[in-house]
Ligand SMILES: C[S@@+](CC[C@H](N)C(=O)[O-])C[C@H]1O[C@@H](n2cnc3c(N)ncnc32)[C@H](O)[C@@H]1O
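Here's a solo chain for you in structure tokens, the form predicted on its own.
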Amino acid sequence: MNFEELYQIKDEIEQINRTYDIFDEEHRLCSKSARVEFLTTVKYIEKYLRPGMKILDIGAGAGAYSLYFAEKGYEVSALELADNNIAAFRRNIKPEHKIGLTQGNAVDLSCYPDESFDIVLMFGPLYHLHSEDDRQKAIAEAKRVAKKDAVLFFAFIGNDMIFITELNYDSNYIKTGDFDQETFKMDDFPFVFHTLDGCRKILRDGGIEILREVASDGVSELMAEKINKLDDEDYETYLRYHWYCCEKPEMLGRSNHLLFVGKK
């Protein structure tokens, strides 16, 4: 599978599935630079997590977050669409993990009862759902299965930083890149990209009260080579710097991934 073949797939569910024939989600968060996103997201989840809480991980990928919290003793339900991600996830489940893994679609969580979860994570689906109707169905389902006082976490890929990231990889990107030359809206392939204000509108239209907005990885992909060479002590300092500024309004648009914390 390559990008040209992927682009020819018109069925959205099948295209999402085959996207992870190309992208290795199991190892995506392994380097020091990539772990910035993971560690930041975990840090914010843990601000609201309490012993005995039940977690739902919608669009769980290869299970990075589900496995992390299961390792800490939490009961986790995980839903994932892509075959390769499901296979990678299953390889890493230990007998002692309290994980229920289901293959399915974020727009239909009928396998879960109403008001069942204290923490709801929706990180992958909003990278892929093209229609506003599907995005709102997914948010409505996440709200339905969340308890009244639950905290919900949503992740988006930020439109504006992707331009800089792609230019960093390809000096010809300004001439050849897939973006609108007037508006700088990125072409929504193979992922869907949103501006900061666009993310806010999607969540508010879905009845989500936004509690926090976080630049979850900031400039870490741009700085990957340098960050990956840091020793452990300096890496901890970099993380503290990132956490110091990741909620500053002026930093939010300069992040490949955006994390929103909300309540219904």
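Note that residue numbering follows the sequence shown and begins at 1. Values in this document were obtained by computation on a predicted structure and should not be read as measured data.
In what follows, reference is made to the form predicted in complex with the named molecule, a form of this protein that is not presented.
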Partner-contacting position among 43, 212, 28, 201 - heavy atom within 4.5 Å of the named molecule in the predicted bound form: 28
Of 88, 151, 106, 99, the one that lies within 4.5 Å of the named molecule in the predicted bound form (heavy atoms): 106
Residue 128: touches the named molecule in the predicted bound form, heavy atom cutoff 4.5 angstroms: yes
Residue 252, heavy atom within 4.5 angstroms of the named molecule in the predicted bound form: no
Residue 81, heavy atom within 4.5 angstroms of the named molecule in the predicted bound form: yes
Residue contact check: residue 69 to the named molecule in the predicted bound form, 4.5 Å heavy atom: no
Per-stretch contact check against the named molecule in the predicted bound form, the hit in 59-67, 45-53, 234-242, 215-223 (non-hydrogen atom, 4.5 angstroms): 59-67
